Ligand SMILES: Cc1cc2nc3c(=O)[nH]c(=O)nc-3n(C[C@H](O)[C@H](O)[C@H](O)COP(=O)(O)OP(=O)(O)OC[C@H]3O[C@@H](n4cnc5c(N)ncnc54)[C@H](O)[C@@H]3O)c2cc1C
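The chain below stands alone and is given in structure tokens; this is the form predicted alone.
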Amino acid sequence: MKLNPPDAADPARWKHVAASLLGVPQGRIYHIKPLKRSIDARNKVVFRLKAEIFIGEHIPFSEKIAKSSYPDVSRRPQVIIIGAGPAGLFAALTLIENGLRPVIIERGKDVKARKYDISLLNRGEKLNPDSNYCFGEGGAGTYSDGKLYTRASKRGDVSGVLRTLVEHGASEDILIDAHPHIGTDRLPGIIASMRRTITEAGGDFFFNRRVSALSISKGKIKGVTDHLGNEYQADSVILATGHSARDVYEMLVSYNLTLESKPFALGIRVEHPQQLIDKIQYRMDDRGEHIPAATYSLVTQAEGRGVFSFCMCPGGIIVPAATSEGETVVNGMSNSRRNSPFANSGIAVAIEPADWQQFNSAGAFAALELQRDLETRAWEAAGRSFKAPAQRMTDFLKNKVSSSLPECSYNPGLLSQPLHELLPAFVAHRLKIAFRDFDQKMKGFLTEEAVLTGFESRTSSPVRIPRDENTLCHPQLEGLFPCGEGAGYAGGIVSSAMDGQRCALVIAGRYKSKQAL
């Protein structure tokens, strides 16, 4: 069905449209089950709704999604999960479904306590290196948006991940929207509900505990120790620590475990007035109440290198995403209503091995060192404060320091700086090419109203932790399962969740094989 915005927002109108399309009396339509919903703005803005129509018959099932029933695993063998992000939480639920007891160790705070630390960071007052936008219950996605779109559908059951989120409080809209989104304001409640499900089934959580050592015997893992000296025993450990836990990489290297530098991407975060993006995308001055804040997805090739928009946040804000003192990192987020007057997106340039080699970096941490160097430069440029170095897009193209900066959503504040000099030359050059190309695709994108903030450097992990594709274990340490975005095997909430499920299923299979023997 092709629906105008008011009709799309009113399910009662769907029957009228469906009856007209199908040529049947409206009274004969008993139920409409929506399957997929998307916006088509190629000409006039319309919604396209794919649905099942029940004509002359009542639906033989309940539409309400019931919460899954989980077994009691309090006396079952335990599996340690390091990290309570999407990979860790979905691994825990999958372990429970298969009769194993998850023990989750999280360096940060629970989702409610974590909110206080983030508020201090947003005000530019204090950074807690263990509780921030990247670390804490729920992981990086909880307080930085909650976009659920993924292209990794071949890696697992995307719909199953979305249904689990709905069971724990997410809107059922995520089951049908082409680009589902939950929002930072709603995710904390969903994460807390998932924790209750896990603990009620017999799983356990330990917050404010940073894993600092592994217990290894004859090439097999036997457990871990946290920074307080507490020991946890298990012969299966899922390592799901996210893309910013640099100390974990260093810990693994101290045990002579192999790591690899991994291509990633870095750049800046660009912010426009949301009304400008709406006008470009919808070709209207006022989108009204039934049309959501416009988004965009841009990609181009600049001298043989990909440049692309990343984590685009319509109606969103820019947030400080550093995890240590002495570095500046920015990211974007949106609440569920996406009602900020700003639109922001990362614009990133692909970074390849030849790039970090030209900086005389080599080895497992070569790409990470390039990332860290850029973040340190940004910190110094911002006066060693929580402010972000910034520049108007038009001035960036002219290699000119901005004499003034437009209003911006970044709460700690901006400091005018020459981003064209702070960025590696090959990144700045390609960004300039990309901005001109993007302006051809979205006329008006290149404007002095757009402000660039630095730097968008945590697009993905610059390190990969190897694993055997059959056993999913690290090839040098049986029982250690590198998992999710921090290990280099995922790139967002849904793909991380599916990778957690995959690791949990392999572990469950190992236990079943042992029992069979």
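None of the values given here were measured: they were computed from a predicted structure. Heads up: residue numbers just count along the shown sequence, starting at 1.
This next part talks about the form predicted in complex with the named molecule, which is not shown.
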*asked:* Among the candidate stretches 196-204, 350-358, 378-386, 238-246, which one is within 4.5 Å of the named molecule in the predicted complex when only heavy atoms are counted?
replied: 238-246
*Applying a 4.5 Å heavy atom distance criterion, does residue 91 contact the named molecule in the predicted complex?*
no
*Please run the contact check for residue 271 against the named molecule in the predicted complex: heavy atoms, 4.5 angstroms, yes or no?*
no
*in the predicted complex, does residue 147 have a heavy atom within 4.5 Å of the named molecule?*
yes
*Would residue 95 sit within 4.5 Å of the named molecule in the predicted complex, counting heavy atoms only?*
no
*So which of 234, 252, 311, 368 reaches within 4.5 angstroms of the named molecule in the predicted complex, heavy atom to heavy atom?*
311
_the named molecule in the predicted complex reached by all of 124, 392 and 454, non-hydrogen atom within 4.5 Å_ = no
_Residues in 81-114 close to the named molecule in the predicted complex, defined by a heavy atom within 4.5 Å, in order_ = 82, 83, 84, 85, 86, 87, 88, 105, 106, 107, 108
